[in-house]
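Given next, in structure tokens, is a single chain: the form predicted alone.
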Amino acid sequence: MNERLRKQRDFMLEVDKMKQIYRQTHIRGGSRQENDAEHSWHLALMAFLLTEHANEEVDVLQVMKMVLIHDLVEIDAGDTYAYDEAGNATKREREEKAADRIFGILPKDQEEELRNLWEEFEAYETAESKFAHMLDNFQPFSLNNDNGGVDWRRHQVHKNQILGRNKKTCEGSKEIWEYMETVIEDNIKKGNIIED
């Protein structure tokens, strides 16, 4: 095995650990928590299914790559719950360290490509990253709504928290954000989300 292939194989085996990183979101039906690998796969599928709802024209392949790798850093950094203030305060530092190690397993050119994709996602400046972030917020939001708001109730989530987390979601898709706003109001009426 040549050195390049060895590094690629080592990376492939390392990122299998995503299947063991469990998120706060439950899969449809609520029987268990979703893992990072399932989340990333779901976002990649959504990327090309929902492209017509993007505010701007996007490079779908770029979006798919971004959402497939955006949570690889959680192998080391762990999943930080969206509304965990203490965890979010140290998230960037933990994730940068993880990105150095995990992407560093790859051959240099691929390390740079994946690191650049991750940084683009984190920067939230390009049309692709805005659309990717919208997907990253819409997917767990949709599952939680479909599951009767159980995760919102369990964590006693307030409307202000959801609006804060999603303050830029409309930059990826105004149409999807408008739908999400109606879902938020419906879940307030049902007692799943706390009105502020």
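Everything numeric in this text was worked out from a predicted model, so none of it was measured. Counting begins at 1, following the sequence as shown.
A second form of this protein, the form predicted together with another copy of the chain, is not displayed here; the remarks below concern that form.
The shortest heavy atom separation between residue 184 and another copy of the chain in the predicted bound form exceeds 4.5 Å. Contact annotation: residue 53 falls within 4.5 Å of another copy of the chain in the predicted bound form, judged by heavy atom distances. At a distance threshold of 4.5 angstroms between non-hydrogen atoms, residue 166 is out of contact with another copy of the chain in the predicted bound form. Looking at residue 88, you'd find every heavy atom of it more than 4.5 angstroms from another copy of the chain in the predicted bound form.
The three marked residues, 48, 65 and 146, each reach another copy of the chain in the predicted bound form, with a heavy atom inside 4.5 Å.
The chain is drawn here without another copy of the chain; in the predicted bound form, the stretch among 118-126, 76-84, 104-112, 89-97 whose residues come within 4.5 Å of it by any heavy atom is 104-112.
Of all the residues from 1-28, those having a non-hydrogen atom no more than 4.5 Å from another copy of the chain in the predicted bound form are 1, 2, 4, 5, 8, 9, 11, 12, 13, 14, 15, 16, 18, 19, 20, 22, 27, 28.
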